[in-house]
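In the form predicted alone, a lone chain appears below as structure tokens.
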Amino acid sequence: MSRYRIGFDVGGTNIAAAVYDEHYNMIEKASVPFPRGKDVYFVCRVLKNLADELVFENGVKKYDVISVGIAVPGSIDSSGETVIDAHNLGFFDAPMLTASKEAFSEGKEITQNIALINDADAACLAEHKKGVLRGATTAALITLGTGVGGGLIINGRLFKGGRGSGVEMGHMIIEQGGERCTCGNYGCAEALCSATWLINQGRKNFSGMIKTLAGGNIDAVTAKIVVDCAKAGDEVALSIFNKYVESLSSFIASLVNVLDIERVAIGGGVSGAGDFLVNPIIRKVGEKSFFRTHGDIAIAEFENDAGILGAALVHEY
């Protein structure tokens, strides 16, 4: 008898979901807009409806779904029941496990075996089980998007923090008195290594090729535009990109020096720069590392599907 798992990646813009078979092969993926301004109970009913659609359209029997995992962009309490803080969702001390079990109990066909996980931890699980971190005992995934997130593998398992509150690598302070972060502190990795930083710098230095590729519209500047201009040799963009590499390499070198990590995976939108980003990062981390040699640094494998797959995998860890 076939057994299936469903993974959700709940974001502030969209909710993505997928059905996986027992070998974690994706059968089907779908997404719906995130219902902004709605409470956690309403959102969980949206999850249940999306799950119903996925299993119906693919001929999966609801009673063959053995687990559901939900990845959210925020901190989760040590009991795994409450989303403490998810700014992008508008959830604060939200009883999401209770709400999801209530929603999925309607009809009683889909499992009540439900678990929550931070979205960066979910992506880390996906890479460790199926991607570039596979086989590593000590590893890290860093996600470079609107913010900076990450997950750690310690002794072959996901590390959820010494008190179970999670890992917030993006709020490691790497520049004393640096730029203000969304958390209120100054000089966090998130303030200096995110796609948002690249966008803001492109807008502050709106000239040359950046201005051309943005069609003269400052609001059209993206991190990709800044990186593409740097690749093309634009001096303004190269200056921005080189400063970005300095910050990111300091962040990664700090992790390497503390943990002697075997492998670091870089994911998120900025990772689309590929070797143009990774090669100078490897060189700079080598220069900044305490150790004569350091672990591998590579681009993550699963891109936008990492959070969904990791959510489906959460019951394995």
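One rule holds for the numbers: they count along the sequence shown, beginning at 1. Worth saying up front: this structure is predicted, and the values here are computed from it rather than measured.
Omitted here: the form predicted together with another copy of the chain. The next part is about that form.
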Taking a heavy atom within 4.5 Å as contact, would all three of S165, K288 and R292 count as contacting another copy of the chain in the model of the complex? yes
Out of 133-141, 208-216, 232-240, 119-127, where are the residues with a heavy atom within 4.5 Å of another copy of the chain in the model of the complex? 133-141
In the model of the complex, which of the listed residues (I110, L192, V72, A223) lies with a heavy atom within 4.5 Å of another copy of the chain? L192
Another copy of the chain in the model of the complex has a heavy atom of only one listed residue within 4.5 Å, and of A103, A115, I199, I174 that residue is I174
Indicate whether N185 is a 4.5 Å heavy atom neighbour of another copy of the chain in the model of the complex. yes
Contact test in the model of the complex: S31 vs another copy of the chain, heavy atoms, 4.5 Å: no
My question is simply whether D64 lines the interface with another copy of the chain in the model of the complex - judged by any non-hydrogen atom within 4.5 Å. no
How about S79: is it within 4.5 Å of another copy of the chain in the model of the complex, going by heavy atoms? no
Interface residues of 252-280 toward another copy of the chain, as seen in the model of the complex [heavy atoms, 4.5 Å]: A253, S254, L255, N257, V258, L259, D260, I261, E262
